[in-house]
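A lone chain, given as structure tokens: the form predicted on its own.
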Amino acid sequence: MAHAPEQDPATSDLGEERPKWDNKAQYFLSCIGFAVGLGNIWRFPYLCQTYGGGAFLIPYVIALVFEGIPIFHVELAIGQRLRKGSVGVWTAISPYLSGVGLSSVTLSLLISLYYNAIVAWVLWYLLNSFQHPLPWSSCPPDLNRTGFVEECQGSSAVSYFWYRQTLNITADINDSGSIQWWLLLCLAASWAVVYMCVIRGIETTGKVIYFTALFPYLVLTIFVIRGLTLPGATKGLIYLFTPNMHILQNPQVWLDAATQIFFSLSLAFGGHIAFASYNSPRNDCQKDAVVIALVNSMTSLYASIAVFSVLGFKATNDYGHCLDRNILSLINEFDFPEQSISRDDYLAVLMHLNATWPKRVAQLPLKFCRLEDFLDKSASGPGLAFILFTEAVLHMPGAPAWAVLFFGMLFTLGLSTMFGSMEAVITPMLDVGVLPRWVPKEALTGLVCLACFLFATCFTLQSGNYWLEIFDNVAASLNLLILAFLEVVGVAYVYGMKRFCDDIAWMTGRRPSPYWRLTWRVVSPLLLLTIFVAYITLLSQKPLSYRAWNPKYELFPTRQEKLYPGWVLAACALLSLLPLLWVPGVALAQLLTRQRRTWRDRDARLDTDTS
């Protein structure tokens, strides 16, 4: 039978009532907004298309059922039951595990630094979308105004706007370059917006979240409706979801599916623990975990339809232009009448000319045009948002309006995720009393946001994009895997499975089923351990490298593969270890403190006996 707590943790700290959500919708939308982020738009569709379309959903669903939902349930349950942020939760479970909470806070800070830098990039594109024609629609003229800028002609107008006019990127990470003032202003504006929204915690974010969490769904719906009416949209969707079951033999597919679920749900950040701590103690956290996780996954599928219907239109458009250039070459070479060769007749005409005039055809600069090759030109991350999708938007009637909608959606998605990241930092600080209690919460929030802005200015340097990739690939991945493993093991084996199940029964009115208990005890820890080993194995197989944008590279506009210099590798090692150092450090400090207390008690007893 579930035990009744002796004291409600909501009022156990300093006798003060903990803030609560105004209603269940605020909490639900906050969790959705934190979980559904940029990765749902620009990473899941890429993985789904890369790894066999519909076949990728098999490892994805397996990872969701046995890794994502169980760990998500753990975070919501311990936050709601213990009514504290991540540091307070893990200190309550065991003082030796306090470092897990501190690691989550440190990691959330690091991730917030570069995540809001991406939001700043989105803001820059959003502001530039309010003009016609769009600034990335054509190459700028050169200094003599006799032609176009050579770098732009050698790549594309879209790539030039991203790499040169936005990032003004250097060709090597050793060359830091200068701060780009337009990015600095956008970064300052992004942090100012975040501060205004999180200034009073859930009191303010709970109001804003209605817009930031729901607006992306409105825009996605508009893009789905418009995308499905574009020529070539169905070809993009067929290519996306056509299953290739043989791809499942590749272990990389299973690794990417597991990590996508993990990062998409924002596990181990501490944000969901903080959000759940403001819930009513009797809230059904089990149902919340399942519903929010399913909504997050369905959003990824919904976003895939929107993205690849538009990219299918772009591929069809590019394929048509490729055929048109070849047709024009044939017409000019053989003096055919204009428009005498249609796209449908091109292959038949080419085969006939190849049979009758092979030498003349061989001398022509004909490109090999295949629709699948254009559909293969997919990308994830900033490459999808700032290059592929922006180029696709150019081909749509009313391009500026679609650009405003797209980047407005990304901006609100980024803000919603930032709310959770900042809550994961500020809530534990308030719980442990970092500042005196007379200092208002608004001041603490302002200090955190200001410090983050100052540290994040490194991403506005000309080499900032390289450093952002380092933070994303090194600081986040490894630390989150280890922290999630410590979370589920800490709850199952330190807090105790029986005690945890009793708590859930007290909160929800029913005990966890064998599925939950088995995943918490065995399946999820083993799965996380397997992912960790596979991740380390992949890292050790090849040296860390980055892809530089170098106009002087002989294969330009292909990005040049370069190895990181030694000092950058040292920074990578520091970033990957820094958050986790709290775990052994705090445990060791607790052990020494307890040992010192034992010795002091022993000396006191000896003094008493001798006297």
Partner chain sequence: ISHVLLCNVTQRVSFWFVVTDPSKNHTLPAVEVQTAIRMNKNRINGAFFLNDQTLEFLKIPSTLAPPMDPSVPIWIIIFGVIFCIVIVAITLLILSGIRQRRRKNKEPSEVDDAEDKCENMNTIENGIPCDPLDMKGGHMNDAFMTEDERLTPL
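As the structure is a computational prediction, the values presented were derived from the model and not from experiment. Residue numbers count along the first chain shown, from 1. By rigid core we mean the largest C-alpha set that fits within 1.5 Å across both forms.
If you look for the form predicted in complex with its partner chain, you will not find it shown, but the lines that follow are about it.
Please determine, with the chain shown alone, which of 392-400, 77-85, 185-193, 211-219 has non-hydrogen atoms within 4.5 Å of its partner chain in the predicted complex. Heavy-atom contact with the partner occurs in 185-193.
The single option of 251, 440, 231, 514 touching its partner chain in the predicted complex, heavy atom within 4.5 Å: It is 440.
Contacting member of 321, 521, 200, 343, with respect to its partner chain in the predicted complex [4.5 Å, heavy atom]: The option sitting close enough to the partner is 200.
Partner proximity in the predicted complex: residue 124 to its partner chain, non-hydrogen atom cutoff 4.5 Å: Yes, contact at 4.5 Å.
Would you classify residue 150 as touching its partner chain in the predicted complex, given a 4.5 Å non-hydrogen atom cut-off? Answer no; every heavy atom of residue 150 is more than 4.5 Å from its partner chain in the predicted complex.
Even though its partner chain is not shown here, does residue 145 get within 4.5 Å of it in the predicted complex, heavy atoms only? Flag for residue 145 set to yes.
So in the predicted complex, does any heavy atom of residue 181 sit within 4.5 Å of its partner chain? Judged by the heavy-atom cut-off of 4.5 Å, residue 181 is in contact with its partner chain in the predicted complex.
Its partner chain in the predicted complex reached by all of 130, 332 and 336, non-hydrogen atom within 4.5 Å: Yes: each residue has a heavy atom within 4.5 Å of the partner.
Relative to the superposed rigid core, does residue 360 relocate between the shown form and the other one - that is, does its Cα move 2 Å or more? Yes.
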